[in-house]
Structures are given as structure tokens and as C-alpha cells.
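Before any questions on binding or motion, here is one chain by itself as C-alpha cells, the form predicted on its own.
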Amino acid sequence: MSFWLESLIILVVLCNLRVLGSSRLTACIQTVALQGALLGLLPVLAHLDALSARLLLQAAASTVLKAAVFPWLLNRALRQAGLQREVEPFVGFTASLAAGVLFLGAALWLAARLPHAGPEALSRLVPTALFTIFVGLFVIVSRRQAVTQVLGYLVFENGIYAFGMAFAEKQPLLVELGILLDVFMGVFVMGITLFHIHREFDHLDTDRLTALRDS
């Protein structure tokens, strides 16, 4: 079990780095979808010796939403907007990767100072969760395209989900599904917003929306 959890953690970290270093929006969406699928498997891998219907339902709901529904909505927005790349972000991709290394170091430092009473294997998830949260927030504030900012929101939520799994072994099913429903509605509303922004302004560059004028 520990081997599979450690492999999952490494893959989640690599997904974060790819999101920071890639300008191709389709690749970023696929990477976030993969990260969502990996984290959807987390409760199953963490409790292979005590699987239950609740865990399987949680894993299935999380995987379907994060690995299928959300990417489909974002890919649809990309096709309608005709976007392919994140052009001229506020922070360049090389600098973003350098910032990612700093975030990883900060996450490791902070996680070492947090108390944790759960299984040792899950405790190793804490720095990964913090790193994912940092990356999500950084993507939100450092990118121009609204689609990429939505991806940052999803990465941020993935970090919160992983952090919750590390610190709360047994969560009520309704709370878990409620969080997923909130995220689903958030992404759904963002998708509608992206569609209307592109229809009205013929672009999704949020920096160009800072000064709106009457036509």
C-alpha cells in the first residue's frame, strides 16, 4: 500500500510542475484531469484493507467529475474560444517552475511542523497537498487566460481534497459529496461565464477586462 501511495504522491507533484511549465492549454487540462483521477483513487489505496461502499462511491464520484466532467467543460470552452496556448502570462513559465521548486520546499518545511496523528503513509501526503494548494493559487494570480485561472481553481481544490484525506480519515459521505457538488457548480458557472465573456469581447484575456468602457 505504501508503495502505491508514494507513487501517487510523486505523480501528483509532477502534475503540478507540468501545469506550471506548460503553455499548451489542452495539455494543462489533461494534466489536471490526470491529477484528479489520481486523487480520486487516494481513498481506495489508503484503505485497501477496509474497503466499503462509501469509499468506492467517493472514489467514483471524485474520479468522474475531476477526470471527465470538468475537463470536458473546459475543452468545450477552449473549442468555442479557439484558444490553444497561454500567451504572455504575468509570470513566465521558467520563472513559474522556479517558483514551484520554492513552493515545494515551503510545503515540506511547513508540513514537518504540523501535527499529524494518522497513518504514516498518509502523513506523507501533507506536503504534497500543501504544494498543490500553493500551485493552484499561483496559477490563479499569474495567468492571463480565464481558462487557465479555472484550472488553477481546480488544482487548488485538489490540494484541499488531498489535505482533507491526510488529516481526516473518516469523513461523512454527505460532506464529501457536498464538496464535490460545490466544485462542480463552480466550474459549471465558470464555463458559462467563459462562454459569455468570449461572446461579448471575443477573447478570454482577463488582463484586458480590467478597464471596461461604455461602447
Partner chain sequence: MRPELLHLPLALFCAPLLPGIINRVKAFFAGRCGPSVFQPYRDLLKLLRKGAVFSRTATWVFRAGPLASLVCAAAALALLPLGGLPALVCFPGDIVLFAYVLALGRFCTVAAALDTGSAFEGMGASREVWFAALAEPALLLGLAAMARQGGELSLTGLYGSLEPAVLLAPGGPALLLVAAALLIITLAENSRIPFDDPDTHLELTMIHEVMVLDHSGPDFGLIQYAAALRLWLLGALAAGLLLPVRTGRPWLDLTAGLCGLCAVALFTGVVESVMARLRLTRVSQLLAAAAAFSVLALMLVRGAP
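Since this is a predicted model, take the numbers as computed values, not measurements. Numbering follows the first chain given and starts at 1.
Just so it is clear, the following notes concern the form predicted in complex with its partner chain, a form of the same protein that is not shown.
- Using a 4.5 angstroms threshold between heavy atoms, L104 counts as touching its partner chain in the model of the complex.
- Although the partner is absent here, S123 lies within 4.5 Å of its partner chain in the model of the complex, judged by heavy atoms.
- The closest non-hydrogen atom of F93 lies within 4.5 Å of its partner chain in the model of the complex.
- With a 4.5 Å cutoff on heavy atoms, L137 does not count as touching its partner chain in the model of the complex; it lies far away.
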